[in-house]
Structures are given as structure tokens and as C-alpha cells.
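What follows is a single chain, given as C-alpha cells, in the form predicted alone.
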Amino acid sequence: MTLCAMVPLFKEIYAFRDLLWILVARNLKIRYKRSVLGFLWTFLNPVFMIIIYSIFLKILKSFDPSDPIFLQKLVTGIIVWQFLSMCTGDALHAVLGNANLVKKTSFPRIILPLSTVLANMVNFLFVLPILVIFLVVTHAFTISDVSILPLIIITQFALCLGLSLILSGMNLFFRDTEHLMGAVMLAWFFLSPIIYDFARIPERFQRLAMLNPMCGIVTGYRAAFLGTDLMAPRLVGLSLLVSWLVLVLGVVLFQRWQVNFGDKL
């Protein structure tokens, strides 16, 4: 799908922007529905996570003695991974959970998975200041490469949207998708440099590893917040490119599948 071919899609989404924002707001409210603290949990969850990791890694003596910012790298990786994990989890029911809306209303169906990713993006952007505060307090924050942060965030958004489009459609045609995703996400987690550095991957496998888009994304976040080495910038660029290709693939597949959504709901 060329950029010119996507222009009508962008126009459709813009025309239904009010519906998009309504769905984004609904998704944000549903996450903490009937919760006493409500949206405050967006801030509390990362705080509790940081405290728990700090305590138990010390108890278990799981720190890498050669890496003084091991905990900071780990927390950064976990928070970045959670954004992806929440998007893929919500994507499974983005269309399936809105059957009445799909059957009775005419609107671009792509708005449904897009609204879930935007809602998770809002959560993620609120979590990032908590991460920065933690890194500042632990004297690990640096602003040397923070200029690359917007590119990394937009690229991860593209990856999450592409995957959400694919998963939201697949789960209509193959209901086993929801059950398979648990194993897939677990494998993907360990194949990504979340609990370890990209540098720990044997050099002969690094080029192959960078085909995993989360390798470049996590490496980019760590470079932005912690000033760590990007290792091989060309390989990071390759990893980021894969993210955008996933988005293109997601749009193409979703547009093809959506004509049959009514029959599958």
C-alpha cells in the first residue's frame, strides 16, 4: 500500500475523529472502572513495580556487578515492554468486543484498534515521567541522546498499531489467536533485550536479533534515558524499519479482512 493509497484512509479517520476520541476516553475509563483510585493507578503501578524490583533484586543478589545501572536498564525495558503487551492484549477484543457497533454503524473499522493503542499511549506517556524521576533520583538519567526519544516513541506506536490491526482481525477468523498469544508474548519477551543488554547477545547473532523490532526500540529508549551505547546504529535502524513495515502490513491485512467482519461477529 503506497502513501497515496493511504490518504483516503487518513481522511476517513479524520472525518470520524470525534468517535475516535470517544472510544479512546472509554478505553481509558474501562481500565480502572469501579476502582477507588481510578486513573491514579497509572502512576502507582510503575512506582510499585520499581520498588518491588529494587527490593527483590537486592535480596536475590541478581544485580550484574559489572553494570552499575543494571536496575535502571531493567526497569526501562519492563516499562517499554508493558506498553507493547497492553496494546496486544487489548487488540484481541478491539473488534470482537464491539460487535454491536460494527454491525449497526458505518465508520472506518480501523478506528477500533487505533483507539485502544492511543489509550495505551496516553497511559505510557504518563508513566514516562515516573521513569525519569526514578532515573534522576538514582543518578542514572542523562540527556545526551534524548533527542532520539520522539522517533523511538512514534516507532513503537507504529509497531503497536500494526500488531493491533493484525491481531484484532486474526482473532475474528482464528479464535485460537487469543490463547496462542500468551506463549508468543512470553517467547518474544525473552528474545528481546528486556532483562539483559543487547551487548550480551553473541555478535554472530546480533544482526538476526535486530530483525526483532523490540531490540531496536528498547536499545533506543535506553540510549535516550541512560546514555547507553546504541551499539550498531545501522542495525538499530534496521530494527526500527521492521516496526514500520509491520504497520504497513497491518493496514493492508486489516483493510482486506474488514469486509468480512460482519459475517464473523
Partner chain sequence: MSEPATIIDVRDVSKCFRLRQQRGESTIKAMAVDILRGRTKTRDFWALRDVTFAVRQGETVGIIGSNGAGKSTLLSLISRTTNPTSGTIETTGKVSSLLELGAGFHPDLTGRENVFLYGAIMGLSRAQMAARFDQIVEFAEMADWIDEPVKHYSSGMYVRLAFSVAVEVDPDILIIDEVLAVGDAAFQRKCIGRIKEFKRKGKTLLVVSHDLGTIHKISDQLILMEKGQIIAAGDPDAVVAEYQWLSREKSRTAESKEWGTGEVKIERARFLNEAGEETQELTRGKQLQVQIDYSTQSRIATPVFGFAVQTASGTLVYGNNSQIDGFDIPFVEGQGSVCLTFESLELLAGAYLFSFSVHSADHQTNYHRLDNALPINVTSAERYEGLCHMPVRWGVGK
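Positions refer to the first chain, counted from 1. Just so you know, these numbers come straight off a predicted model, no measurement behind them.
We do not show the form predicted in complex with the partner chain, though everything after this point is about it.
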Check your understanding: Looking at the partner chain in the predicted bound form, is some heavy atom of each of D18, I22 and S106 within 4.5 Å of it?
Key -> yes
Interface check vs the partner chain in the predicted bound form: of I51, L211, I30, A199, the one with a heavy atom inside 4.5 Å is I30
If we test each of L131, I153, V102, I78 for a heavy atom within 4.5 Å of the partner chain in the predicted bound form, the one that passes is V102
Counting only non-hydrogen atoms, the one stretch of 186-194, 78-86, 131-139, 173-181 within 4.5 angstroms of the partner chain in the predicted bound form is 173-181
**Item:** 4.5 Å heavy atom contact, G262 to the partner chain in the predicted bound form
**Value:** yes
Any chance R26 has a heavy atom within 4.5 Å of the partner chain in the predicted bound form?
-> yes
Near the partner chain in the predicted bound form, with a heavy atom at 4.5 Å or closer, the residues from 183-203 are none
